[in-house]
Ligand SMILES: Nc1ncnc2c1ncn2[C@@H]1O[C@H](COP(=O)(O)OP(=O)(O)O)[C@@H](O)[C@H]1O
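Quick setup: one chain, the form predicted on its own, written in C-alpha cells, and binding and motion questions come after.
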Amino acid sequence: MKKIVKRIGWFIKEERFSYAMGIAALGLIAILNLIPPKIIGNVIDSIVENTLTSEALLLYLLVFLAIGVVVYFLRYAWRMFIFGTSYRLERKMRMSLFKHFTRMSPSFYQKYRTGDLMAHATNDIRAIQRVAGGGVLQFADSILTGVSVLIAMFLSVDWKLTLLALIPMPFMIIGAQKLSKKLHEAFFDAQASFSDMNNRVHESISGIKVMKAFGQEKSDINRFGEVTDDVYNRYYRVSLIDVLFEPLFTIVIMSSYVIILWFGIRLIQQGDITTGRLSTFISYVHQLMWPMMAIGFLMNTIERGNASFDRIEKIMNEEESVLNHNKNEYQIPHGDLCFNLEHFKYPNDEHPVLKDIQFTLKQGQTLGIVGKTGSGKSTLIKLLLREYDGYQGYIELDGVNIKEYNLHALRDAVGYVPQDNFLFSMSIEDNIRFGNPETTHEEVIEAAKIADVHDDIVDFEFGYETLMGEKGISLSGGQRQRVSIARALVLKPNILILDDSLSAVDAKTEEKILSGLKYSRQNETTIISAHRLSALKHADLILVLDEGQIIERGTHASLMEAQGWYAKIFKQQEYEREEHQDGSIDN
C-alpha cells in the first residue's frame, strides 16, 4: 500500500481538491445510507407494536425518495471527481512515457521490442490509472462506509452484538493478504506475456508481404496460436487467484450472519433488543459487505498497479546514452567536417566496427562512402548524427566537437535520408514537409522536382494530397526513396546525407537527381553512401571502407588510376550496365 501511494502521491497531491470533493461525496453517501436501515427497523417495530400510522409511513417513504435523489447526484459527483481525475494521470503518464521514448537512442530500441513498449503505453498505464480511480474509491469508501456502519452498529443497536459480528474479520484480512501476494506475481507474468503477443502481432503485420511471398501464413498462425495460448494460460492463472477474493468475503459475511442470528434471537428473547433493531443490525452487516469486498478489490487493484508500475519504472530508469550537453544555446552549426576516430564498437559488442577513420571535408564539398555490406558505412553516418557517443577520438564541425553543440541544433543542421526510408500514413505533401510544417506548397514542389518525383506525384488522382498507406506502402520503392529525399531537401540542411538512398532508382534517374543536388546545393555539404559507384563520380572525396577501416581514398579519377578495389568494382558495374543496355536494345 505504501509503495503505490509513494509512487502516485505526487498526483494525488496535485489533484487534492478533486479527490477531496469526491471523497466528501462518498462520505455523505455513507452517512445517508445509514438512515434507510434505521427507518426499516422503526417500521418493523411499529408494525409489531401496532402503532404505525399512514402519516408516519408516508413520511418514511418521502425520506426514502429524498435520500435516493440526493445519493444519485452524489454518486455522479464522486465518479466525475475521482474517475475523471484518474484519467488525467493516465494521460500524463502516457505523455511522460512517450517523451521518454523519443529521447532514447537506437540502443534502447535494440534492447526493447516494439510490442513490449506498446504494452507499457497501454495495458500497464491503464492498470496504474485504475489505482488512481478505482483504488482511491475502494480505499476511501471502505473506510468511510465501514467506519460509519460500525459506529451506527455500536451506538444505535448493540455493542456486544457488533463485536461478535467482527470475529470472522481477521480471517478475511489474512486471506486477502496471501492472495494479493500471489496475484502480484501472476499479473506481472501475464503483462509480460501480453507484451510478447503485442510484439508478435506487430512483427507479423509488418512482415505480411514477406510471409505471403514465402507461403508461411499457416506457420505464422501456429506460432501466434502458441503465443495466445501462453497469454490465456497466464491470465487464466490471474483469474484463478482473482475469483478467490469474493468467495472469501462471502464466507466471512455468512459467518457473521450465523453469529448474528444465533445471538440476536437470544437477545430478542431476553428483551435486550427489538425485532426492528435486529433487522436494522442485519441491514448494517449487509452494508459492511461492500467495505470488506472493497478491501479485497483494493489489494487486487494495488497489486496489479504495482506490477505494472514495476515494468514502467524499469523503462523510465533507462538513461539516455546520448546526452544533450548544451541545452541552453541553440545555434545550427556549419563549416568543415573533421573525423578523427580511433575506434568504435556497438554497446554489448566486443568487436570494433570502425577503426582509424581520419578525414576532413570542406564546407560545400561532397563525400562518397563505399564498401561491402557491413563495412561500416552506415555506422559512420550514425556517429555524425550522434545516435551513438561511445567512441574513442573526436568528430568536429566548424572546429567544434559535435558533442558540444546543442543536440537538436546539430540534427537540424542535417538532412538525413536513411536506407530504410519511413513514410507516415498521411498525404504526400505532409510527408515531404514533415520536418518543417511551415514549408509552402511551392517549396514542396521545388524539392520534389529536385528529387525527380514531381511528375510521379501529379500523375496520381489526388496529386500531392494523395494519402499513403502505412509506411508508404502505396508507393513503389523508388518513389518512397525520392519522397524521402524531397523531405530532407525542404529543410535546406547544411549537410545532406544519402545513406544508400538511390538503390531503388535506375541509373538515369540517379544521374538526374545528383545533377539537381549539385546545382541546388553548390555551397552546402553532401555525404553519399552508395553501392552503385556511378553515384560518386563527381564527389570531392571518396572513402572505401573494409571491415571498418579506410583502405582507399581519393577522387574518382585518382582511385581509377590506382587500380584498387574501387576501380575493380566500378569497371564490373559498368560492364554489367552495358550488358543490360545491349540486352534491352536487342529485345
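Don't overthink the numbering: it's just position in the shown sequence, from 1. Not measured: the values here are computed from a predicted model.
Same protein, other form: the form predicted together with the ligand, not shown, and the subject of what follows.
Taken together, the three residues D189, T228 and Y236 lack any non-hydrogen atom within 4.5 angstroms of the ligand in the model of the complex.
Though the ligand is absent from this view, in the model of the complex it lies within 4.5 Å of a heavy atom of just one residue from E442, D455, D356, D349, which is D349. Taking a 4.5 Å heavy atom cutoff to the ligand in the model of the complex, the contact residue among S279, N406, S425, S378 is S378. Interface membership of R386, defined by any non-hydrogen atom within 4.5 Å of the ligand in the model of the complex, is ruled out.
The closest non-hydrogen atom of T250 lies beyond 4.5 Å of the ligand in the model of the complex. The shortest heavy atom separation between Q419 and the ligand in the model of the complex is within 4.5 Å. Put simply, R94 is far from the ligand in the model of the complex: not one heavy atom of it is within 4.5 Å. Considering the ligand in the model of the complex, the lone stretch of 302-310, 483-491, 121-129, 370-378 in range is 370-378 [heavy atom distance within 4.5 Å].
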